[in-house]
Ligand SMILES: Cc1cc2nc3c(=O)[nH]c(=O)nc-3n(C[C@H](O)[C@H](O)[C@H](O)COP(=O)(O)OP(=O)(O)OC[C@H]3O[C@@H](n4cnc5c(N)ncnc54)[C@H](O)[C@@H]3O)c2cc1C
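Here's a solo chain for you in structure tokens, the form predicted on its own.
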């Protein structure tokens, strides 16, 4: 089996790296002739860093970023706090880091694994049949075709793959253009994501940690400015001055752009042998910094399912779960980012009560915890596929458990294989691990000591880090049934 990934952004690079690491032949087609220095995304949330941790690349990007432990919205004279010190994660913060650095990390991994990246390659046609997908590709040398068993469109909001599939991209564009800029301020700001909400709009200012900030500015009074007009220092200071009531002044900029934000989602994530991921599947307001993170998590969900198909053990229903699991996540991301934006740019009656209502809402633990978990991705969970047994915590994220393996302390995420299931057996006799031996090509069995979720001493974890099945002192027969449901006949 082979896979063509269209798009060399973070989503496409993550997916291609996972496929290549599992031994699948994969190629990336990228329309851009040169590597992009565009850096729209600025943050990695905890769940994305956990996925990187499972692949051994988290520490490298953490060293390049800046750890921000909280969000401090400013509403007029009121300052609120949303704590991002996630107690359930090794990464109790949001990491501010330029998208270009994240892309570079994922590209180095993909290239190290032998993934070819064909740049300046525009997809102009797509056909599929029972045996595979044929893409027509235009390069500087002319047109040619590329053939693979499957293709994935990770080629952005204006996806050529999505267009040629005829998949709808439902939603709308927001009225006001957004300004993005890297700025140095004359004032100091807390070590936090700093949203300022004023009468004329919102300005989001997370720090990079080197004296520079990423400014995301939504100014309702400048909705008619042409999108191709350069962003000047005077315009930035005018917008920030009004939105922050004169609290902030930009001293210097090093990069800026203007773009039209949209709220759209692909009606389908899969058509036959072609799938959509990342911005090709969903785009939304940058408020919340969730776009790149959601795309990378799309890739982690999809990769192991394609690997299972290639290796011949995927249940007939498995690939369908990519859409049934990730489409609801994309939808909830759109709703959350839209809600944040609507609160930030609310009409006058709402703005009048916003400084009084918002603090009370954030003091409700269920509300603040829910927002924190949604933003970070830690709260994502999946419904149980109907063909498998309903046991404790199915579909829930698995913590980075502290374990003892072969007499030495370790972490679960250090042991997992992103292409294989992991069976964690904490029973005294290791009965479940022994029962799993015939599935060793697709299931890594660990007989270890440690605490599992309540009601379980054996847990089967999916390659993307979610519970597939769990049991309390299960028999060998029960274990074999669960393994067969998820991974087929040994």
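Bear in mind that the values here come from a model prediction, so they are computed numbers and not experimental data. Positions refer to the first chain, counted from 1.
Another form, the form predicted together with this ligand, is not on view; read the next lines as being about it.
The single contact residue among 442, 31, 27, 55, judged by any heavy atom lying within 4.5 Å of this ligand in the predicted bound form, is 31.
Between the options 105, 180, 71, 183, the residue in contact with this ligand in the predicted bound form by a heavy atom within 4.5 angstroms is 180. With this ligand omitted here, the record of contacts in the predicted bound form names 119-127 of 119-127, 371-379, 231-239, 190-198, defined by a heavy atom within 4.5 Å. Annotation: in the predicted bound form, residues 271, 301 and 486 none come within 4.5 Å of this ligand through any heavy atom.
For the chain shown alone, residue 334 is not a contact residue for this ligand in the predicted bound form, no non-hydrogen atom being within 4.5 angstroms.
The shortest heavy atom separation between residue 330 and this ligand in the predicted bound form exceeds 4.5 Å.
Remark: residue 307 does not count among the residues lining this ligand in the predicted bound form, judged by a heavy atom distance of 4.5 Å or less. This ligand is not drawn, but in the predicted bound form it has a heavy atom within 4.5 Å of residue 156. Of the residues in 1-29, those that come within 4.5 Å of this ligand in the predicted bound form through at least one heavy atom are, in sequence order, 6, 7, 8, 9, 10, 11, 12, 29.
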